[in-house]
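Shown here is one chain on its own, the form predicted alone, set out as structure tokens.
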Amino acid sequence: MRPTTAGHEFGEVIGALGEQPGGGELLRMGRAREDLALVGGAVRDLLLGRTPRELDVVVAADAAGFARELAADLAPGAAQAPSATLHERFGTAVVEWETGRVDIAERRAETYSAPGALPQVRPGTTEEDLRRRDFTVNAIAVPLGGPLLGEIISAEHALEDLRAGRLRVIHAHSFTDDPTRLLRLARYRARLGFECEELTAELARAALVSGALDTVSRARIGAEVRLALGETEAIAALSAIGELGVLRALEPRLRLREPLARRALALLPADGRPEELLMASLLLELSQSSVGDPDAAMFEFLDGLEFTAAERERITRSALAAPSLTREMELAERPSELHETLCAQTLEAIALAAAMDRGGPAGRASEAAREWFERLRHVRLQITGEDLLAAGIEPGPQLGRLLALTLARRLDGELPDGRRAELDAALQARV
């Protein structure tokens, strides 16, 4: 494979880059060096008229030094000093600030000693750097300096695949060399709306059948799953991963119920955790399995993907609670009963349970969830245990009991507003 050079077939990339956060600084730095180039997804998105999530650039060497220089150049216009995260061992760096991010890598070539192994890296040419990428539409570079400034340098088929909205691997061993590309294939299909080239689809199927995912660590798979969960259209990304057969390969009982997941996300309040809700929805079938210990199976699965202990706990609790919680929400007749049912549950479990309401958005569980999210969970007493102690209540468990009884009356609309009414109600409840 040799890279091809083309004129500005998709419009002026350099002009579009100048309008991106950090783009002007990169162009200024490119005037003093010939090795700086915009690459990968950033070029792809600019050619498509999209806004890149971040800017990816390559340099011939010393990515760390370039990152420090870029951070210093960005500093005068940034509200906070840009941070430069350096990975000198891998020849990469990241510069981040409040409005942008630039990923920097040294031009390199990669070889794989075994399927699924981490690549062995050495300095490489532009051609070798393009060849190591996953799909042709990401194997595009635009020099930001030197005689080729603004030209498009691409792998074979890259520009025609971009025009056609097609995802094609660079070479036949792509998925066996790095099986995490299977998840990336699905993510890009969902994000870009591109179709999979026929041979690439065959290679993906063959890699899955051969057990390619078993050759790569679960931690690396977990990193790709997190990226899918973080997509703007995360459900579409998970759906594409499922259609490809990756979910079944990871755990046969993983299942995406797309309408259910969409209903749950629509109900989840702004302070909820969409990623954890979606993982809980994927695990619903496993959580209700009669084979073995579902709790332990979910823990093992999530631990392998390197979800944190807090994330594992929240996801597992949500998946286990949601199916029975739907009925409990339907049966709660008073606000205080709904509070008792839901106060210890995660927001994700409640949204998922409400989404399982057979009555749909107008069903009792759905209405209860909205009432809880929008009003009831925010109701607080003005009095505290200290007020009860000052009124002569003896220390002990009864303090909590009296506060709970008072809160229940407050929720049910039986008390007027104010500390005095709450204190009187708590004192009356002693009897």
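Computed from a predicted model, the values in this text were never measured in an experiment. Numbers follow the displayed sequence, beginning with 1.
The next section is about a form of this same protein that is not shown, the form predicted together with a small molecule.
Taken together, Asp62, Glu69 and Thr92 are entirely out of contact with the small molecule in the predicted complex: none brings a heavy atom within 4.5 Å. Of the candidate stretches 376-384, 395-403, 23-31, 40-48, only 40-48 contains residues with a heavy atom within 4.5 Å of the small molecule in the predicted complex. Proximity of Glu128 to the small molecule in the predicted complex falls outside the 4.5 Å heavy atom cutoff. Although the partner is absent from this view, Asn138 contacts the small molecule in the predicted complex, with a non-hydrogen atom inside 4.5 angstroms.
Proximity of Phe301 to the small molecule in the predicted complex falls outside the 4.5 Å heavy atom cutoff. In the predicted complex, at least one heavy atom of Glu54 sits within 4.5 Å of a heavy atom of the small molecule. This chain is drawn without the small molecule; in the predicted complex, the residue among Arg107, Arg314, Arg168, Arg187 with a heavy atom within 4.5 Å of it is Arg187. The single contact residue among Thr180, Thr200, Ser287, Thr326, judged by any heavy atom lying within 4.5 Å of the small molecule in the predicted complex, is Thr180.
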